[in-house]
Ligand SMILES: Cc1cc2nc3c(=O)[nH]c(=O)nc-3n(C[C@H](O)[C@H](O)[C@H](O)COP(=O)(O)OP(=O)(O)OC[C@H]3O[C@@H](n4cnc5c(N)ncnc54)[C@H](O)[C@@H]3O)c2cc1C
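Listed next as structure tokens is one chain, alone, in the form predicted on its own.
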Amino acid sequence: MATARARVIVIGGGTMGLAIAAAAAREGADVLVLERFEHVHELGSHGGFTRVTRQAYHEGSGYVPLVRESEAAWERLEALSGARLLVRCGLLEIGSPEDPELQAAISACEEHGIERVIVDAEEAARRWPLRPPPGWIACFTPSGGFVRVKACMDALRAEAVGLGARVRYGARAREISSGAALRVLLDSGELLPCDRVVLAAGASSSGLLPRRLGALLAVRRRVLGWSTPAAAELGRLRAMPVWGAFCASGFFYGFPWGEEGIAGCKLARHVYTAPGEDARLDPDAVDREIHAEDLAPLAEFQEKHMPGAVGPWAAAKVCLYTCTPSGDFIVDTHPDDPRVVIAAGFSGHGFKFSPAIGRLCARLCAGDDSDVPARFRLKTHLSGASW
């Protein structure tokens, strides 16, 4: 007699949810994805058309194997979809040689044998259209680059659906109901039975968790800007790598000049450093208007460190991060009900990892937690720093 397929509901049809759906379907599960919005939207964390991928990982060298796994998966999906997903234009990171985050990135390169070139500020300014202060250094890694958001999400969805997963849009989960039967209640009042639930709802995740777990997640507002430089600057700006700068006012990052979604030089401030500057927000009441004070730090960075990219703003958009106090991801089973898997708190650096996170969550649904890093487990988060 054939064994019944496990019914898995994935709450959230963004990058993580689609990758989880594909991985769970590949393992034989009957998968239903519930997405409250539409496919590829600007109301969560995956807007902005492009996302950085990098192996020089200052958040911890333990992330490097997962980056490599995911990049291999993006390349596999490229072959299946026929679309370009991963662009390896290199990564350039600049900062003071005493900066601990920059040193952590260099250490990750050393530990994992990642090809890199380290130059002083003067050489960096000759090679790239950046202006590091005297005394800074630059670390270039050819393996870095970016992934194309819509192409990646299209490929993930196509794979998941091709493996039998179903995706419902405009379906907002209101509650995960445990007990003898596991069920998901929708806003519509519909009650959906299942054997496993994976919560991968981004900024909406905290509202579907008990208070002690939801308190680990803080929604932050970030602004992405695209500047329009002078035509004479476009050649150098188009040829540059993706980049990151460890500054006193925060960690800034950006992309080569391109036309992915919006023509311009895209940049943002990833980490804020001023006390009180980074407010915790209600995800359903985020200010999505762009204000002068949103663009001022980006303009100041360009004027100081990237003058060739200065120009009128072609566009700006709001993106949401869902952060944990440590900045590490949460990937684990629910402590009150192991039938529920939580994939949340990707803290603004999760997109590139979605194929690897998909695999980890599919294995958790099957009862195997052996590959989940200790830093992702709820026990680690609950015993660590708090907000």
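Numbers for residues come from their place in the sequence shown, where the first is 1. Since this is a predicted model, take the numbers as computed values, not measurements.
Another form exists, predicted together with the ligand; not displayed. Remarks below refer to it.
Annotated contact segment (heavy atom within 4.5 Å of the ligand in the predicted bound form): 216 to 224, selected among 216 to 224, 231 to 239, 78 to 86, 157 to 165. Remark: C323 does not count among the residues lining the ligand in the predicted bound form, judged by a heavy atom distance of 4.5 Å or less. With a 4.5 Å cutoff on heavy atoms, R51 counts as touching the ligand in the predicted bound form. The ligand in the predicted bound form is not approached by L32, whose heavy atoms all lie more than 4.5 angstroms from it. When contacts are judged by a 4.5 Å heavy atom cut-off, V64 does not count as touching the ligand in the predicted bound form. For the three marked residues, L208, G348 and F351, a heavy atom of each sits within 4.5 Å of the ligand in the predicted bound form.
Contacts of stretch 7 to 21 with the ligand in the predicted bound form, defined by any heavy atom lying within 4.5 Å, are made by I11, G12, G13, G14, T15, M16, G17, listed in sequence order.
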